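Here's a solo chain for you in structure tokens, the form predicted on its own.
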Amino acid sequence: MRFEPTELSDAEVALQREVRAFLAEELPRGSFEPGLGMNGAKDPEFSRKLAARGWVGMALPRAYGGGDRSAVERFIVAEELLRWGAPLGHHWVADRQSGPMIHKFGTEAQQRRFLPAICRGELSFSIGMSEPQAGSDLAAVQTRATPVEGGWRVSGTKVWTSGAHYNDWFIVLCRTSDEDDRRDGLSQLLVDLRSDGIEVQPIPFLDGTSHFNQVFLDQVFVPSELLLGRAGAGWQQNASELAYERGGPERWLSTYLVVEQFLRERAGEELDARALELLGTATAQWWGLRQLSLSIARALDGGGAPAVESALVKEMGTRFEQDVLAAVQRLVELEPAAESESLFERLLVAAVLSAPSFTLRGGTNEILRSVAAKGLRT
């Protein structure tokens, strides 16, 4: 396990400034309701505006509509969008992992079909991994794809499927054969979320909003040309996908805006010792996590597959997101209201309701610690 120290180059800092200027002009503070991290609102028009500037599908090849840019450059754009609370829900998963997965494992026809639309900010994707009896233990997946003439019939249930109630496609990890080693019988399929036989049931938070879903697949037909990669290679491909999912800035910025808005609404006030301690500790931890996460992006650019490092950053980052929120709650000693005129209170309510999901989505802490521990032994 290695985290190489790294800094942004002059060109990368210039990109950071460009994104900040765009957001200040396109989404002035007070003109929209900011979201918390990757729970930002779904706004296809905003996603298309980003795409028009080359900020969606940045690391994908120009031949498919991408920018041929680096993982670090994508990191910079993502960090600024998350920090601003921008409405990135439409393109987020497609840009972060579905597009790179299709590029890495997909056929030429699949790349031509999906990647240009992703890079234009048009297509949205969800993740079809977890199941009711196979959360972090993905080798226990029971959703089954049976070969039929012209393709596959898929039946099973997926759960915690973010955005499935409004997204277009998802990449489904499913069982295509029974092997002695459970990991050897898995494959990935590209599945249209509007296919016949699919039922999506939102899983509401306490405030009635929904981000997660349960997806039921009943004999869903998937054409043979939508098998992603090689049949039976789903486990290895899925491990590659998790490296994209776990190590980015979305794993430590979900509650950043709560702290920032706390400060904004107290501008000019003298902060007491408890507030200063919270801010000092949080800033130091944010910066440390940022450096680790940036190191992962550099490793991806160097051709590495930092799955173990990503697991460690995800475990530390999402735990920190919850810890800093708890510290803010102890500091303010109020019962926040969702209908409050204070943006800080509204963000605090949203954070309190969604925070339990931080250490679940993308893998539970216990599984991530196991992945990190195994990495230290190799």
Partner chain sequence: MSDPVLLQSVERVLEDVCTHESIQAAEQSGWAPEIWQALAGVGLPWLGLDERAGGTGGELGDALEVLRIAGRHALPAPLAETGLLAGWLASGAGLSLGSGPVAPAPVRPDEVLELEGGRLSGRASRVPWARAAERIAALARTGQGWAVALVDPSAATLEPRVNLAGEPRDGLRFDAVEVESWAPAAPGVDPAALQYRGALTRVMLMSGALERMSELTLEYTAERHQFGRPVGRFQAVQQYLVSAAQDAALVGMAGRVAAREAERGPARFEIGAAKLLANRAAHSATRAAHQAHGAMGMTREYPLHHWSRRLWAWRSEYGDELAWSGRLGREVAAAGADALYPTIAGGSAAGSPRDP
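Not measured: the values here are computed from a predicted model. Positions refer to the first chain, counted from 1.
There is also a form predicted together with its partner chain; it is not shown, and the following applies to it.
When contacts are judged by a 4.5 Å heavy atom cut-off, residue 209 does not count as touching its partner chain in the predicted complex.
Although the partner is absent here, residue 223 sits far enough away that none of its heavy atoms falls within 4.5 Å of its partner chain in the predicted complex. Using a 4.5 angstroms threshold between heavy atoms, residue 16 counts as touching its partner chain in the predicted complex. Although the partner is absent here, residue 146 sits far enough away that none of its heavy atoms falls within 4.5 Å of its partner chain in the predicted complex.
Only one segment in the set 256-264, 185-193, 229-237, 149-157 has any non-hydrogen atom within 4.5 angstroms of its partner chain in the predicted complex, and it is 256-264.
Of the residues 343, 331, 353, 316, just one reaches its partner chain in the predicted complex with a heavy atom at 4.5 Å or closer; this is 316. A single residue from the set 271, 203, 305, 140 has any heavy atom within 4.5 angstroms of its partner chain in the predicted complex; that residue is 271. In sequence order, 291, 292, 295 are the residues of 291-306 having a heavy atom within 4.5 Å of its partner chain in the predicted complex; the partner itself is omitted from this view.
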